[in-house]
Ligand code: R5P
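There is one chain below, alone, in structure tokens, taken in the form predicted alone.
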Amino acid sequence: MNHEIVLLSGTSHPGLAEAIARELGVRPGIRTITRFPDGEIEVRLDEPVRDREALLIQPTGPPVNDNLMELLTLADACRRSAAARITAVVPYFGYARADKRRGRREPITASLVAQLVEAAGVDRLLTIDLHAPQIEGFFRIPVDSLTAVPTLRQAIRERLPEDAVVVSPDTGRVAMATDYARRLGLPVAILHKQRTSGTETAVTHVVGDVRDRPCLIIDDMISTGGTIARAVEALLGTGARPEIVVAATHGLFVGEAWKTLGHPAIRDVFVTDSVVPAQSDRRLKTVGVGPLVAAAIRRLLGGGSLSELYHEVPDFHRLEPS
């Protein structure tokens, strides 16, 4: 590493920032973030960042707009304070689902966010399991998207029957489901969906044999839980055994998510600590990604290869209390 590190976090997930700092052997940087009575954000750096590697730890989960604005203002403060380089560590990238237009008069908000991040002075982005891989193309700066699949696999395999089937809830997660299946040595099934209205979808058929077998439903994120709930109903309707494990990288659990996920067939729900979930449940198992992110940072700053990370995955498995 050519420059000294300063690690700064927003208010989105200070616990994750502290975990990453511990793994890197540095202390969290000192900053002050306050809000004016009208909701405007004020950021002040309370230590020098000149000629230092600035690492900004800030998932942009709910409240997305507040957390995004904190990230932008932190980056602008570092840029104006002459940081050598600014790396935004955004494990969960908000607005990632807005990666294309579904009508003629709609924005591509993920692209807009990419432009804002660059304009604020960020030189590099580090994230985990982007909702859509093409989002990397919205940036002109380097983007490194890690995957939490190997880390989650370590936690899941002890809770998964040997005859389980990995299930992709839609065609968009087939690559992720295949990765899980390869690492677990299991077959894959795919659910095909059809949009029934502007806001609702229905599973039309299941591709793959799930009859009398337990299932592992995977996804990159769980927000309201609707996608998982529909997947459970479709699998049980096709004869799957009522022993279902769910795994997702990002667990938002907003609104009545846990009520939606209340089906008794769902035994465990595994997520990482990429965001602070809005709600919890006794079935929730949270796996820490601090070691994975810290290892990636070491390689990025030292010119190493990120592909080597996944040969060390057993060291990254840390199941945190929910």
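Keep in mind the model is a prediction, meaning the values are calculated, not measured. Just count from 1 along the sequence shown to find any residue number.
One more form of this protein should be noted, the form predicted in complex with ribose-5-phosphate, which is absent from this view; the next part is about it.
Comment: ribose-5-phosphate is not present in this chain, but in the predicted complex one of 227, 73, 127, 111 has a heavy atom within 4.5 Å of it, namely 227. This chain is displayed alone, yet in the predicted complex one of 243, 170, 209, 136 has a heavy atom within 4.5 Å of ribose-5-phosphate; that residue is 170. When ribose-5-phosphate is considered in the predicted complex, residue 183 lies well away from it, no heavy atom lying within 4.5 Å. For residue 221, a non-hydrogen atom is located within 4.5 Å of ribose-5-phosphate in the predicted complex, even though that partner is not displayed. Using a 4.5 angstroms threshold between heavy atoms, residue 97 counts as touching ribose-5-phosphate in the predicted complex.
Within this chain, residue 153 is remote from the site of ribose-5-phosphate in the predicted complex, having no heavy atom within 4.5 Å. Residues of just one listed stretch (233-241, 83-91, 170-178, 111-119) have heavy atoms within 4.5 Å of ribose-5-phosphate in the predicted complex: 170-178.
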